[in-house]
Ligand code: NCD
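Quick setup: one chain, the form predicted on its own, written in structure tokens, and binding and motion questions come after.
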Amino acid sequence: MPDFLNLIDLNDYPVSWWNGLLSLAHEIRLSPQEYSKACEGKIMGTLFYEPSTRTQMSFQTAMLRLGGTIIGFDNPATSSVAKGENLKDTTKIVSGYADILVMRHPVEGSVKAAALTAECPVVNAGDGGHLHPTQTLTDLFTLTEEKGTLENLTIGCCGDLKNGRTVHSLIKAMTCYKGNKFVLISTDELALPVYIKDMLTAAGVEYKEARDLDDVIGELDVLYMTRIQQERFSTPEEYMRQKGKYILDKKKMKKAKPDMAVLHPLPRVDEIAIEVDDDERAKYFEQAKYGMYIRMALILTILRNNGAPPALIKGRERKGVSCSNPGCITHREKYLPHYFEGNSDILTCEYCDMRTLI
């Protein structure tokens, strides 16, 4: 198995490594011209199986600002995927052309699956409703630059907490900094997955759940709004039952702290009223720009191979055991070995982190 400095899950790395990226991003932001030729002669492959604006363009811009070049696709219908090519073959071929591969895919665990056989480092740009580590790095960098700290914050996460990979990644990351607590604001149907709540409990992190944003907005140092994701629902009717449940407007902002920061991974639909854009506490457009700087830092760090590569697989293959998550990549790409962590009757899928009973 290749020993590259991949980024599949931010929690594969120690907090000191994250902090190094944040420091480098800050330096790049202050003096971008000093890094304009840092990746001359390097090629980044971008494989986007799902639509994207900010993530894709910020990665591409990051590489171009570092002096590198890019190849890839942003629509699988224009590639051999449309002919039935499997994930392994696509990523194996493109990784042979590139020095670093950035991938977004709608199926959970897909990016780790690709990294198993890729011929260059692989970066997870979002795998279904699972993880989105570079958005988390963007969020951490935004908070560092705007709040001046990553500690002792009350963070409200509002909207689709069930399918929101950005929320899952952010919560996992912020539990690693002391004193943070969470307010989870969603409907019952879109509540945070149990395994994330279990992780918070195991880490001794304080959290509470709420159904009404008005009731808790005054407690928050950070409000992380998320879109109700139409593409994650099996029917239009299910989506319409959730659409419009949470809308941040001027009236709600009046109840918030004067220094509360509003973040959003974007795109938004109707969950933040346009009138909020003019509020100085609205940081989501700055957040999108910060994403370019942190991705420049990440590309540089990976290509320089700075840091010890974490093990891609920590558990072992379990023949005859299937992941309990029907959305896991192992149910789609049948050739994949079924890797699990754990030795009792409860196993954790190495690809999607879902628990499975045996």
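We number the residues from 1 along the sequence you see. The structure displayed is predicted, hence computed values, not measured ones.
There is another form of the same protein, the form predicted in complex with the named molecule; it is not shown, and what comes next is about it.
This chain appears without its partner; in the predicted complex, the one residue of H105, K112, K283, H132 with a heavy atom within 4.5 Å of the named molecule is H132.
Only one of L192, M253, A273, L266 comes within 4.5 Å of the named molecule in the predicted complex through a heavy atom, and that residue is L266. Proximity of H331 to the named molecule in the predicted complex falls outside the 4.5 Å heavy atom cutoff. For the chain shown alone, H168 is not a contact residue for the named molecule in the predicted complex, no non-hydrogen atom being within 4.5 angstroms. Although the partner is absent here, T55 is a contact residue: one of its heavy atoms lies within 4.5 angstroms of the named molecule in the predicted complex. Heavy atoms within 4.5 Å of the named molecule in the predicted complex are found in one stretch of 47-55, 25-33, 66-74, 313-321, which is 47-55.
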